[in-house]
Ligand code: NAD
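In the block that follows, a single chain appears as structure tokens, in the form predicted on its own.
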């Protein structure tokens, strides 16, 4: 892992080309069980008070990209409500400790966002305990690889949409009554929205929906001073991948087909989420920023 992500260096070698062994975790997977471990900026991200006094709700904040964003936001001065599944408590505890080490508030709200009632409760609890919400990061996602459409059952298709799309809709709708002018909504879409893998039909379809939701809602809310943008990651090393998000033959070669030649680390995503949450991006809305290792968006 890089010692100084701010020093000029070759991005090809900034992080090692991962030597990923065959491995499996039960869904949704834990960061603590990844081989090799991912970098979320725990030792590298340095803040500059760009989000001082802000109040953020982040879904999927225990691991992967959400974990990196939570760490970065805390180091920029934000208090954070973390949403995650109860089975991910061990990972969440580590993130909570890192947030509190920065002197920021960490509100832990475990539960399943694929349930509408919980999604609404999540927003109410976050707003109550944080004293409001002015950053919403819809990041939690479900990804399961199925090679043939004939083997993709309706239960999985619906569950993927409930987690990735319906929850975003429920949470965002509930949060609007709290979001003031100047607030920012940031959704996690994917390169899969534009370049879908054959075995990720349901996942890629949800990411297409998130992209469209972002474009449309950004235009709708612009006059209210609320910005809506999305980040589209490429192959990023997170627990989604070994928890049946990729077939084994692709898992061990994960990210090697990018122009940069390696998988990305969650720490490489966090600055984009900070930028989109901060006032530095005041004239950016309805946009999608790709962080893809060179497999560009249209």
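Everything numeric in this text was worked out from a predicted model, so none of it was measured. Residue numbers count along the first chain shown, from 1.
FYI, the form predicted in complex with the ligand isn't displayed, but the following is about it.
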TODO: Using a 4.5 Å heavy atom cut-off, state whether residue 207 contacts the ligand in the model of the complex.
DONE: yes
Open item on the list: So, residue 114 and the ligand: in the model of the complex, are they within 4.5 Å at any heavy atom pair?
Closed with: yes
- [ ] Please run the contact check for residue 245 against the ligand in the model of the complex: heavy atoms, 4.5 angstroms, yes or no?
- [x] no
Task: Partner contact for residue 41 in the model of the complex: the ligand, 4.5 angstroms, heavy atom - done: no
TODO: Name the single residue among 267, 236, 51, 57 that comes within 4.5 Å of the ligand in the model of the complex, judging by heavy atoms.
DONE: 236
Task: Options 176-184, 134-142, 221-229, 94-102; stretch whose heavy atom lies within 4.5 Å of the ligand in the model of the complex - done: 134-142
Open item on the list: With the partner left out here, which residues of 54-75 have a non-hydrogen atom within 4.5 Å of the ligand in the model of the complex?
Closed with: 60, 62, 63, 64, 65, 66
